[in-house]
Each structure stands twice: as C-alpha cells, then as structure tokens.
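Taking the form predicted alone, here's one chain by itself in structure tokens.
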C-alpha cells in the first residue's frame, strides 16, 4: 500500500509537470494554429533565467519569476514577429514553419550551452528548510507548488480563451485570419501576443521545475516530448485536456517504472498513446483540429 501511495504522489507531481508544459503547446495551437516545437528549449531558457535572477543574483523569488516571465514574453513575441510572421508573408507551407521551429530549438539549446555551460546547475529551494510529509512521504514544496500552479494556469487559460474578447480574437485569428481581420481583429498583434503568452507559460514551467530537476541545457528536451504526447492524448488545443493528458502520461510512466521496469516506461507510454489515438484520434477531451472546427 505504501508503495502505491508513493507512486501515486510521484505520478501526480510528474503528470502536473507534463501538464504545465502541455498547456503551452495547446495554447499556441489554439491561438495561432501552429505547432511550437521550440517550446521545450524556451522552457530551458525560462529555467536558466529564473536560476540567474534567483540563485545567482539573489533576487526575491516573486521578482525573479516576474522578470523571467517578462523577458520570455518578449522573446516569444520577437520569435513570432521576427521569424514566424516573415515566413507566413512568404507563403511558405506549414511544414517549413515547423522545421524552422525545430531549427530554432537547436539554436536556443546550443546558445544556452554557450552562455550557461553544459554542467547542470542547482536551483536554490523556493522555501528553504520547509519539509512536507504526505502519507509519510517527504515531498519537495516546489512539487506541491507546481501541482497547484498547473491547475490554476489551466483554469485561467480555459476561462481566458473561451470567455474573454482577447481569447475569442485569438481563436478567430487562428481559424480564419482573413475573416478575423474583416471584423477588426489585428491578426498580426494577436499572433504576437499569443506567442508571448505561450512562452510565458512555458517559462513558468521552467522556473518551477528548476528546483525539482535541476537546471541544464536538456531540461526542456527531457520533459518536452512526454508533455507533447500528453497534449495530444488529452486533445491537442484543449486546456483541460492538456492537464488530463499530462497526468495520464505521468501515471503510466511512474506505475510502469514502479511495477514493471523503468527500462520500459517510455516504450509503454507511447504504445498506449498510439493505441488510444487509433480509437479516439481527437483525444480524451474530443478536441477537433482547427481546420475542422
């Protein structure tokens, strides 16, 4: 029983970590109709910036988070304006934009190695000295915070995308940019804001995961693939589905490691994903592709 409880807690923490990253994938797709495969490396940058502001510079944690989010919002906005928009203007196919995002990911990954080095860095604890016991198991306070923040951001994004004018404008711009412009939506600005917001979410994931997993140039890459799988499993583009899919991937991976072998955790997780999508390609939350809406 103790083993099950331990695995359950670990799976919840890991699943919410995947879910938080999945939210950034779903947000950028829901608001722009694009696959942002650069997100894992943007997460790494968020973690390194948080590490720099909080651990190296000694700034209070809330200030470090705020500065990190502002810098990353500007980075996401700049990527959309400087790269994505120019590619769209040249009428390139979506595949070229996707490949460009992969290329940018490798560029950011190598830039992080050049600037911060390849040795993993220890991110100072957010609440030094605090020890949390759950069912007799010691849990990092940052892990509890990560779970809470994941659920909070999911709720806020779900409300924002469906109940606010700006969120509605983002969805309209992704579905039919020409029609959105005809009713007064500034598609160029909206697209930039959507990328900036998505990058802010992924930066929050990075700065929260830093104390849990340490900070390295492959932090985002190690977590990003499972998070993307979670977003697809939950229903790509659905905020609630992002968390549910992330939790599903976390539970599968953790319980396979605990009861079978850690050697097969990724194999079985991806097999389950493929089999599930054969049965329900729209994901758990039945999210339809933007072009089909």
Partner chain sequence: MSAMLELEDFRYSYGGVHAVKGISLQINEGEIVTLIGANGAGKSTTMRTICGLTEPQGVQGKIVYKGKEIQKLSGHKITAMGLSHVIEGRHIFSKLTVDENLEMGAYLRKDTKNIKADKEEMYRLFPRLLERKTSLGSNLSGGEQQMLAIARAMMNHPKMILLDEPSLGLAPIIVTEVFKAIKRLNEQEGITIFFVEQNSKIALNSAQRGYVMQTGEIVISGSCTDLSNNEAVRKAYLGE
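Positions refer to the first chain, counted from 1. Keep in mind it's a predicted model, so treat the numbers as computed, not measured.
Form predicted in complex with the partner chain: not shown, discussed below.
4.5 Å heavy atom contact, residue 125 to the partner chain in the model of the complex: It does not: once the partner chain is placed as it appears in the model of the complex, residue 125 has no heavy atom within 4.5 Å of it.
Partner proximity in the model of the complex: residue 131 to the partner chain, non-hydrogen atom cutoff 4.5 Å: No - in the model of the complex, heavy atoms of residue 131 and the partner chain never come within 4.5 Å of each other.
Interface membership of residue 182, the partner chain in the model of the complex, 4.5 Å heavy atom rule: Looking in the model of the complex, residue contacts with the partner chain include residue 182, since a heavy atom lies within 4.5 Å.
4.5 angstroms heavy atom contact with the partner chain in the model of the complex for residue 165: The answer is yes: residue 165 has a heavy atom within 4.5 Å of the partner chain.
Residue stretch of 205 to 213, 172 to 180, 138 to 146, 67 to 75 approaching the partner chain in the model of the complex, non-hydrogen atom distance within 4.5 Å: This holds for exactly one stretch, 172 to 180.
190, 154, 217, 79 - the one with a heavy atom within 4.5 Å of the partner chain in the model of the complex: When the partner chain is considered in the model of the complex, the option within 4.5 Å is 190.
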